[in-house]
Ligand code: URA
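A single chain, nothing else alongside it, follows as structure tokens in the form predicted on its own.
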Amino acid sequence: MKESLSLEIIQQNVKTCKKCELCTTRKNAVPGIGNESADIVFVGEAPGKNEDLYGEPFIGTAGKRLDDALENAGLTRNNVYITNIVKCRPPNNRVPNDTEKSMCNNYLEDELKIINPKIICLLGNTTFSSILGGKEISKNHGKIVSKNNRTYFITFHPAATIYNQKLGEVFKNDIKKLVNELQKIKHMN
């Protein structure tokens, strides 16, 4: 009999994963973390330097930006679930390649099946492109997209707000809009 999947089992599988070359360069694999019954799941691209060191997603400067935007919208990390497309840091923070993304895809799919969020927030171009085939996040941020019985919200990656200060307010406003969209969805159900 197959053991039922849980977030704990996925986390253990991620931590010991050797499906692709990233396992040879990582310090720690970085499974998703957060509320198992979250209404919102945030999906980023891949772990960065701090995440690789500590094995937890979004704990560096970009994570601080995400925390600030959550707080600004009336949420905390305890309300949401945070994960990445790829669970190990690509060398020199390069964009994950298609093989790496496909090797990690089951982990993300399993996380989403277990949590079954009302909205999946895609953070940044790589995530937008990988999951929805989208391009030009600057033209699509703040939009809701439905695909395969899932609702997605598109916004910038919080790291983009570090390099482009003008995006800071845009990102915060997008996260507020995301929370407002969630309220609308909850009222419809």
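As the structure is a prediction and not an experimental result, all values here were calculated from the model. So that there is no doubt, residue numbering starts at 1 and follows the sequence shown.
Keep in mind the form predicted in complex with the ligand is missing from the figure; the text below concerns it.
- Although the partner is absent here, Gly48 is a contact residue: one of its heavy atoms lies within 4.5 angstroms of the ligand in the model of the complex.
- Remark: His157 counts among the residues lining the ligand in the model of the complex, judged by a heavy atom distance of 4.5 Å or less.
- Although the partner is absent from this view, Gly32 stays clear of the ligand in the model of the complex, with no non-hydrogen atom inside 4.5 angstroms.
- Within this chain, Phe58 lines the site of the ligand in the model of the complex, having a heavy atom no more than 4.5 Å away.
- This chain is displayed without the ligand, yet in the model of the complex the stretch 49-57 from 145-153, 49-57, 132-140, 34-42 comes within 4.5 Å of it by heavy atoms.
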